[in-house]
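First, one chain by itself in structure tokens, the form predicted alone.
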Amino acid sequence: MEDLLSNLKIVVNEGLFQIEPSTSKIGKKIVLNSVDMIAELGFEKFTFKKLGEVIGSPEASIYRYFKSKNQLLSYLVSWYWAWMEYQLVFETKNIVSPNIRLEKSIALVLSNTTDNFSVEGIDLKKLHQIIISESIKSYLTKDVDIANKEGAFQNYKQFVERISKIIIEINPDYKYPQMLLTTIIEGAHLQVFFGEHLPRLTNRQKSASYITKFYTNLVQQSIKAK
């Protein structure tokens, strides 16, 4: 697995940056340190000025790579979903049964990255924290249509579409695969957030698997052929 990751290149839509950050040392520093800072400070308190101070570079140089911190957030979120799709393909490859492929796909969606390891230098545990707490802010914005045209959500759409095809393979008559999956993904993120900060809005249990069990059962009951 380590050999595979060492050669892995995550592809993000070119509309999500001004200059591809992986092509230079400063671009890589911008991405890696922004993950650390957003995870620590939160998106609202994160600024390019603060990022520039940390990486020892003028704020203007950051704008050469990303036109705004919103575009940078969209870049990180898109990178995450591209990484998730890579894992999905790897986990379900050569599995004939669509039911088993779906089980593995849902388990991946609901997995909580707790291990400290990185891909392309990006701390996946911290990035997962950002997805839980901040990713919704990448599309709950007045500029969502502009961001969509720039390809901000392409990797997310591809990830959802890939699992949707498995659901249709199991039950061709099921009419709501994308709706079901986005409900599970966004809902699971909220349940993790609620469990940590607003426990009265969820049914938190000692075992973290309660979220997985709830949504796995929801999927199974939803797509069951009538």
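The structure displayed is predicted, hence computed values, not measured ones. Numbers follow the displayed sequence, beginning with 1.
A second form of this protein, the form predicted together with a further copy of the same chain, is not displayed here; the remarks below concern that form.
Taking the partner from elsewhere, V54 is found to have every heavy atom lying beyond 4.5 Å of a further copy of the same chain in the predicted bound form.
Within this chain, T183 lines the site of a further copy of the same chain in the predicted bound form, having a heavy atom no more than 4.5 Å away. Using a 4.5 angstroms limit between non-hydrogen atoms, L140 touches a further copy of the same chain in the predicted bound form.
Though the partner is left out of this view, G42 does reach within 4.5 Å of a further copy of the same chain in the predicted bound form, counting heavy atoms only. The putative spot formed by G15, E59 and Y75 is not touched by a further copy of the same chain in the predicted bound form; no residue has a non-hydrogen atom within 4.5 angstroms of it. Between the options A107, I95, V89, V144, the residue in contact with a further copy of the same chain in the predicted bound form by a heavy atom within 4.5 angstroms is V144. Shown here without a further copy of the same chain, the chain has E186, L190, Q191, F193, F194, H197, L198, R200, L201, T202, N203, Q205, Y210, I211, F214, Y215, L218, Q221, S222 in 186-223 lying with a heavy atom within 4.5 Å of that partner in the predicted bound form.
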